[in-house]
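Okay, so here's just one chain, in structure tokens, the form predicted on its own.
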């Protein structure tokens, strides 16, 4: 199942650095192979869980005639995407700042060991957050279509 998440996020990998994608795929700088954990699965399952909880909250807790409009659904969708944007950002920026990302993925060094170029930047962490937000929109729509039928007041929202 984690490979499915890697494929889904692979559609959006042009948003962020190729080396960040390699890190999330589990590339190990020491061995030169992909033997680290596949981190797309961790982020993907977290995104699925958050999207499912937010959909259930909308259709079964906020289940009120006042919220059975398409714009209410869109606001909840945007809120869910915003939460998942920060989840994706903090997941990658934490590893970025603590040095968990391998040196070969982060920098190009000269023969004296000085850094010539950076390959991953904070902006890449933000852009992974954007990619994660887009994935959450996909999951939110799928869960909405699957779970809205049992809602009392919002079963026809958004369409």
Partner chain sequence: MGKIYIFGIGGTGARVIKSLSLLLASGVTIDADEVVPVFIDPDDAAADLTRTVHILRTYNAIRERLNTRVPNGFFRTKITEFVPNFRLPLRNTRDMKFKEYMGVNRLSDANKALVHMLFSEDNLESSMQIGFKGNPNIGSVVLNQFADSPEFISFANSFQEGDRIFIISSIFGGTGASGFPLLLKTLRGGRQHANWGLISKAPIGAISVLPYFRVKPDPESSIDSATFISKTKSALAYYDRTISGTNSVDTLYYIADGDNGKAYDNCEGGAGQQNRAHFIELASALAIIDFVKTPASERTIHKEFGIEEDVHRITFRALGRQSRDLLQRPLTRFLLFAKYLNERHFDTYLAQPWAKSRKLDASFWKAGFVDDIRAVQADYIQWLDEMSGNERRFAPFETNKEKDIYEMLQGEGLPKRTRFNDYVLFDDRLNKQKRRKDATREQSFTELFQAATDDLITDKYNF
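Residue numbers count along the first chain shown, from 1. Since we're looking at a predicted model, the values are computed, not measured.
Missing here is the form predicted in complex with the partner chain; even so, the following discussion is about that form.
Examine residue 153 and determine whether its closest non-hydrogen atom to the partner chain in the predicted complex is within 4.5 angstroms.
Flag for residue 153 set to yes.
For residue 121, is any heavy atom within 4.5 Å of the partner chain in the predicted complex, or not?
Looking in the predicted complex, residue contacts with the partner chain do not include residue 121, since no heavy atom lies within 4.5 Å.
Is the gap between residue 65 and the partner chain in the predicted complex 4.5 Å or less for some heavy atom pair?
Judged by the heavy-atom cut-off of 4.5 Å, residue 65 is in contact with the partner chain in the predicted complex.
Hey, in the predicted complex, does residue 116 get a heavy atom within 4.5 angstroms of the partner chain?
The answer is no: residue 116 has no heavy atom within 4.5 Å of the partner chain.
Candidate stretches 129-137, 28-36, 42-50, 66-74 - the one whose heavy atoms come within 4.5 Å of the partner chain in the predicted complex:
Heavy-atom contact with the partner occurs in 66-74.
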